[in-house]
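Single chain ahead, by itself, as structure tokens, in the form predicted alone.
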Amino acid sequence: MAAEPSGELMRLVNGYQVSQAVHVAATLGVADLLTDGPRTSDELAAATGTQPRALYRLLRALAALGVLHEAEGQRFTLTPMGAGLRSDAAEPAGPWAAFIGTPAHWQAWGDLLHSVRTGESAFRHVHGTDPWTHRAQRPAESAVFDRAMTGLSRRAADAVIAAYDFGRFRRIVDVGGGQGALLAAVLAAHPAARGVLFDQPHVVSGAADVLRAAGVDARCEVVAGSFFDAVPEAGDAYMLKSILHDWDDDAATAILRSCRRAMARGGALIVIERVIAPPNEAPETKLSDLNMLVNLGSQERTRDEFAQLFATAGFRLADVTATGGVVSVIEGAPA
């Protein structure tokens, strides 16, 4: 029987409670503690340093939501959904869950009304600076964010690699590639390719372990810098995953022009991002668009908006490939 409209609306209204409950479980590492089998709430409380009764109340709520399963004696196990919170999950959700409940991010979303009224970043309004500067001054928060970005790249990697042929490229430059999770997966799938990981110094400083774990460190150069100044030259593919949506059109155009100047003759631009769907479809991407507004005053884009952005920067939109996940591969060629 379908839920009544008023009941469904109330479920949406109270969605913040679910976000925080999953955030706390991810921060405490509950899923990893359940990897080897059932444990009681008291055992989990001892392992996480939490108040036993309060933790039980959290766990039973998550069990009612399908993240955990509660058996007799307040014993809990992971469900297939909850397994996505494990640190070794193939498509990890835990790092993102740990990030979205952090005070800085949470408080910015609490001021969504400011963004809607002004079209400006609520994060800057609340914290007095942009997210990049805020995290650069707070290494612990920056580490949580970097793990979240690595987790999202791991979630997208298999779908992107299955949908798009990277095998035709010899030198792939990952612009704003974070700690290299996606580039590592691409290089592992294509042993003849070499890569260049490019991001800010404090970001790429954590890349060595990621590249080594994937067995591609010998084929990947790590370069630090700003994509507004210049990017490594002579790549035949320039890959930007979840970069352009962080910036308004003027800044995004500047990033793309940096790639255009550095690109080898006949090179390709590979943008991996969400594409806004037609009206009444794909709420996840449209909520991500609001996230961009709240945090950075930026946006997700439609296919036509990508085409216009590319044209302004000296590219033409060559193709858009759906991956089966939330992102698409938007390919550009020099105009």
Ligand SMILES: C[S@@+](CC[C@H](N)C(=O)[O-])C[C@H]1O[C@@H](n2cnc3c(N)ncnc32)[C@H](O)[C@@H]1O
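The numbering used is simple: start at 1 and walk along the sequence shown. Keep in mind that what you see is a predicted model, and the values were worked out from it rather than measured.
Here the subject shifts to the form predicted in complex with this ligand, a form of this protein not shown in this document.
### Query
Is there any non-hydrogen atom of Gly84 lying within 4.5 Å of this ligand in the predicted bound form?
The answer is no: Gly84 has no heavy atom within 4.5 Å of this ligand.
### Message
Test of understanding: in the predicted bound form, would Phe228 fall inside 4.5 Å of this ligand by heavy atoms?
### Response
Taking the distances in the predicted bound form, the answer for Phe228 is yes, it comes within 4.5 Å of this ligand.
### Query
Looking in the predicted bound form, any heavy atom of Trp106 within 4.5 Å of this ligand?
Result no; Trp106 lies far from this ligand in the predicted bound form.
### Query
Is Gly195 close to this ligand in the predicted bound form, meaning a heavy atom pair under 4.5 Å apart or at it?
Result no; Gly195 lies far from this ligand in the predicted bound form.
### Query
this ligand isn't shown here, but in the predicted bound form which of Phe76, Phe123, Phe169, Phe145 has a heavy atom within 4.5 Å of it?
Selected option: Phe145.
### Message
By the heavy atom within 4.5 Å rule, which residue out of Ala157, Leu256, Val216, Ile243 makes contact with this ligand in the predicted bound form?
### Response
It is Ile243.
### Among 185-193, 109-117, 160-168, 235-243, the region lying within 4.5 Å of this ligand in the predicted bound form by heavy atom distance
Comparing against this ligand in the predicted bound form, the contact stretch is 235-243.
### Query
Using a 4.5 Å cut-off on heavy atoms, which residues of 131-149 contact this ligand in the predicted bound form?
Contacting residues: Trp132, Phe145, Met149.
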